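Consider the single chain below, provided in structure tokens and representing the form predicted alone.
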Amino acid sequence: MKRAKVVVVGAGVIGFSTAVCIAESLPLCAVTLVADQFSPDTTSDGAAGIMFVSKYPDIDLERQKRWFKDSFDHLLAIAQSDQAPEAGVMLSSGCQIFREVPAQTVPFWADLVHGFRFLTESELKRFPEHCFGQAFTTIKCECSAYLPWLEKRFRRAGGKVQQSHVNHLQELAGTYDLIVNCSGLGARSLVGDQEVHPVRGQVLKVQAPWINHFIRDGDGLTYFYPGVHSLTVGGTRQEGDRRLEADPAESEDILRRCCLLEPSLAKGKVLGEWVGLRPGRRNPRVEREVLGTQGSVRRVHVVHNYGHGGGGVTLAWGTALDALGLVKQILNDTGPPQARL
């Protein structure tokens, strides 16, 4: 494997996961992560971080399953280690409930989480508006702790971090041999990907320590997930909405909906509100490309890894390993790095 200068663009959970995989697996490469925003100011920081995901329509199901398994195994190892408190990773048990029986009662990840089963009739009596449910144990990853933990791991592997704004990926071609694009919503401007669009999410942080199990409505809009220090209570999924300020009416509606599932939540203390823009896309983009640089005949190789929507935490490590594989392909396919004058 040849020496090369690699830059990863983006400091969310996809960016840092990918940067760690590259830096640890390719020690001969000099890896730099560049972003204009870092934790606690990334979209990932407010993510609920619970591990399960809807199926993407145009990606091979076995590939999606591998992404999920690789991510689950990675986070489970952390959850069962002495690093769990610092990394903000924990096992989490609960249920997902449906007003109508879904077309697929057993999701593709059912055999990868722990103890997947259907709720009994007795258990469903608690939710009179719902007729079907699934119970399982999965993993919750709190990115407000996990991202700083990943950054430390990246630096230990020799990685460098640079805070700066990138307008176009071509700006980096004169300095780096290979670019890894993990820019999330930023890919819309960085590479002109019009498929990427904002999906606004608003959640509350609530103190309710007596609630130990998560509940998620199958529509994905009403949920609460116990965490290390508080409950994440949501939510909204507003396509194309770029508002970053919290909407008091939406917070009130979120609490109302969640209290229908767990009445005791009305006694909880609201600690704060959070709004973020998920990088919506029909399918994540995990592939390689060659870009031409402006005013130069030199071309630059790019690996894309973005567009996960609400599945970023769930699939981050799996798609990072795929991106690492693409980086290895490029380094094996190309010759020695070009000299820069």
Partner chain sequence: MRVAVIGAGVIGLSTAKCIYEQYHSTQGNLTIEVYADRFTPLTTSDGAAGFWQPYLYDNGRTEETKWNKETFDYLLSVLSSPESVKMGIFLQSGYNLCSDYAPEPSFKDIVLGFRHLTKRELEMFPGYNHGWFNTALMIEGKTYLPWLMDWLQNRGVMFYQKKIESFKELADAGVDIIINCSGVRSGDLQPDPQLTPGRGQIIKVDAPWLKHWILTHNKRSSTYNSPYIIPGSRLVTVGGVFQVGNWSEANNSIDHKKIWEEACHLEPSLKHARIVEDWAGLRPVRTTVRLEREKISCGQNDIEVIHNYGHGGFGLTIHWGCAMEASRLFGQIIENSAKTPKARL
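Positions refer to the first chain, counted from 1. If you're wondering where the values come from, they're calculated on a predicted model, not measured in any experiment.
This protein has a second form, the form predicted together with the partner chain, left out of what is shown; the following refers to that one.
In the model of the complex, at least one heavy atom of Ser92 sits within 4.5 Å of a heavy atom of the partner chain. A residue is said to contact a partner when one of its heavy atoms sits within 4.5 Å of a partner heavy atom; Ala79 meets this definition for the partner chain in the model of the complex. Using a 4.5 Å cutoff between non-hydrogen atoms, Gly240 does not count as a contact of the partner chain in the model of the complex. Under a 4.5 angstroms non-hydrogen atom cutoff, the partner chain in the model of the complex has Val228 among its neighbouring residues.
Highlighted residues Phe72, Glu123 and Trp210: every one comes within 4.5 Å of the partner chain in the model of the complex, counting any heavy atom. The single contact residue among Gln163, Ser264, Thr105, Asn167, judged by any heavy atom lying within 4.5 Å of the partner chain in the model of the complex, is Ser264.
Of the residues Gly174, Pro128, Pro85, Gly158, just one reaches the partner chain in the model of the complex with a heavy atom at 4.5 Å or closer; this is Pro85.
None of 112 to 120, 146 to 154, 177 to 185, 197 to 205 except one has non-hydrogen atoms within 4.5 angstroms of the partner chain in the model of the complex; the exception is 112 to 120.
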